[in-house]
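Presented below, as structure tokens, is a lone chain in the form predicted on its own.
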Amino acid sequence: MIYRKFAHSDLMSEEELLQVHQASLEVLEKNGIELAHETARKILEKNGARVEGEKVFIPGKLIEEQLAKAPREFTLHARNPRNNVLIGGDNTALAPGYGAPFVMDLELGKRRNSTYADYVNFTKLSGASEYIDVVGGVLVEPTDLPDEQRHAQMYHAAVKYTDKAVMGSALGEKKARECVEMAAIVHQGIEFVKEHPVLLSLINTNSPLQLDRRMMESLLVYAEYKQPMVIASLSMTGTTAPVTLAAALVQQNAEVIACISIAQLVNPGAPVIYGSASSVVDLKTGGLAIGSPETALMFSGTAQLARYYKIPSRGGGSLTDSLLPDAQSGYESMFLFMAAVQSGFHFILHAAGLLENYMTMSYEKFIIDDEICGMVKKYFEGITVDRDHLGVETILHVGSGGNYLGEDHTFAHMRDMRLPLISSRKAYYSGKIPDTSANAGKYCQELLEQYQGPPLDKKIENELLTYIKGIKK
């Protein structure tokens, strides 16, 4: 968890922000949004929206009324209460990469399909990390597991190998309900789940201005149980969104606030996070450019819109377009992650491990990004100013031309400085110069060999395994 001691940055003026909001309402009133779910359309129609086929035209007043019902902050409960996560305020909670179908093999050094073994490994790395707060979800896509049980096996791994807060599946009503039922096994029954956020899910829109059936089914289930959702747009400028950043923000905003409104109509006060994974496209190549400054600007606008609605926000991450954990991945990831925290996001998905614009997870990159998370966390702690830290007495004692190495003040604070995980601070010497990626790979292997997850009650685990076996393949 990063605590942001100093203020976030705002890119838009209040007048510009209002223009984006009003333009979004105009889009929803005049064009509407396509919802591939009859129940969702009926809920909106009952509350004053106009429905034509699968398209729903939503009045601006209805949107504004529902946005006001969403909570400013909420606590995501872990099976270990010490790992509960406050989403909101001046906190930034972190989760690792999400959704990658490929992994950069640690030993072979080349890309391959991700597996359940990779999922377990990255779960262990997340459990070992001092900075990752939320695990689970589609950390990587375990392509060797049957689709019908994949979500359940991923949830089991998350609670078996860590006791941190967990993400659940958002791939249709059945899988969402099964995640809720498994959460009830891990926690204190279904009544506890109804009263406490224990599963965070990711609901993605289909840009432009659509939401598919699976996502809407999941939204309705999680809203029913008052479980928190990141509601995010995945638009891409110049292709599935307008090419200018302001217009892309308008479309993204229309999609997100429409879905937040549905969640509030289902269950007023349902916790939501205003999210974005919207990307900038390099129209010269046709490829994504998520490591670009334009992406950082898009995310910053997202965080400011969420503040306007007084809703927690999600965006950013240690993002890169690089194919390898090289210098490009390092400077792009640090830039995007730093900008995301500075923007004031409350939840950052993709905080560690990603290469190739969301497509590939890398073991070495995970460790390098964990280093980045630690550096940024330390930076946002700011400078402590009190009598002890000012050190006036020590300065007066040493005086002119003295030395502070032997002073009590030095010994008292010598551990204040953050120690790096893998970064080298050694002087040049003859022989092999340390390589960051190689250091990260070695450190990763040591972590995985030594990792011992927190104990999970045998009764709970047996109930989970029995439940998973009952899910039809």
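If you're wondering where the values come from, they're calculated on a predicted model, not measured in any experiment. We number the residues from 1 along the sequence you see.
The form predicted in complex with another copy of the chain exists for this protein as well; it is not shown, and the discussion that follows is about that form.
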property	result
Interface residue in the predicted bound form among D163, D321, E173, E224, criterion: non-hydrogen atom within 4.5 angstroms of another copy of the chain	D321
Contacting member of K442, R50, K42, R418, with respect to another copy of the chain in the predicted bound form [4.5 Å, heavy atom]	R418
Any non-hydrogen atom of Y331 within 4.5 angstroms of another copy of the chain in the predicted bound form	yes
Heavy atom of E16 within 4.5 Å of another copy of the chain in the predicted bound form	yes
Contact flag, I422 vs another copy of the chain in the predicted bound form, heavy atom cut 4.5 Å	yes
is_contact(N462, another copy of the chain) in the predicted bound form, heavy atom dist at most 4.5 Å	no
Contact segment among 339-347, 225-233, 70-78, 117-125, judged by heavy atoms lying within 4.5 Å of another copy of the chain in the predicted bound form	339-347
Triplet Y3, Q153 and R177 all within 4.5 Å of another copy of the chain in the predicted bound form via a heavy atom	no
Sequence-ordered list of residues in 1-18 near another copy of the chain in the predicted bound form, where near means a heavy atom within 4.5 Å	K5, F6, A7, S9, D10, L11, M12, E16
